[in-house]
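Next up is one chain by itself, shown in structure tokens, the form predicted on its own.
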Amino acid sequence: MAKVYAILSGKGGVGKTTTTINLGTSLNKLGHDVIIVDGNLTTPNIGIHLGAPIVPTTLNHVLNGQAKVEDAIYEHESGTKIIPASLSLKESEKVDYRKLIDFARKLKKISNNILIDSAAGLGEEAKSSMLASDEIIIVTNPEMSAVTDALKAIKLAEELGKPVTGVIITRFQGKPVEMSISNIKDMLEVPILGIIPEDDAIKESQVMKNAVIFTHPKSPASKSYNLTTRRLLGENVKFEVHKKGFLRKLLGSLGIQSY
């Protein structure tokens, strides 16, 4: 059954786009048909991250009735399909965000897995991505401001009647100054899908215009994204922790198994 996921954060700069790209490419690598949609129509990043900042036909053209859905689908070298948004401010101003809902319905006839990289914040643009989705995935960093905004996103999803599949914690280092996994879990009250460590491989992959799971397949971030994707598919996968001692014991106390 085809499913649309909206990837949200509440706060910008937490790694939402990077997470969307790596979840999508990981799903594709596992044999699932995937389309990644740049639902951040005001400040799009998917095309930039994957080396296609300017393309002939964008999501904006489709939403404005200037092109068919199929015309805006491009295949990245990884094999993953993407639908970039336009970098033009004029084209973004014309878009009616609510048309994302009908657009998502059409995509479900083309692919089984649609990942929408939503706009940061909780404005009408992000809300439209939520309304167009079947399930919500929240991305946050282990810091109070980011987790607080993630909680706001979860509450909004509940108000809209959209189930939250889980939260992905990015840029995790296990430092005392960070919020603990237990505090994040207690505060958000949703399953933890993944814990992505701070990793220079991610920055290097962005320079290389590809997903980290392809540019640095043996990196901690790559392994964590692959495990996260398998959990998204319903597999009972243990968490791979790259720090010993206290963090491992803490995860165990939360019922989160680790290697």
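Just so you know, these numbers come straight off a predicted model, no measurement behind them. Start at 1 with the first residue shown and count on from there.
Heads up, the form predicted in complex with a small molecule isn't pictured, but that's what we're talking about next.
Taking a 4.5 Å heavy atom cutoff to the small molecule in the predicted bound form, the contact residue among Leu27, Ile202, Ile35, Val190 is Ile202. Contact with the small molecule in the predicted bound form, judged by any heavy atom within 4.5 Å, is made by just one of Ala120, Ala132, Val95, Ala72: Ala120. Comment: 44-52 is the region of 229-237, 61-69, 27-35, 44-52 lying near the small molecule in the predicted bound form, near meaning a non-hydrogen atom within 4.5 Å. Heavy atoms of Ile196 reach within 4.5 Å of the small molecule in the predicted bound form, making it an interface residue. With a 4.5 Å cutoff on heavy atoms, Ser219 does not count as touching the small molecule in the predicted bound form; it lies far away. Residue contact with the small molecule in the predicted bound form: Asn40 places a heavy atom within 4.5 Å of it. Taking non-hydrogen atoms only, Val14 approaches the small molecule to within 4.5 angstroms in the predicted bound form.
Using a 4.5 Å heavy atom cutoff, Thr18, Arg171 and Gln206 all lie near the small molecule in the predicted bound form.
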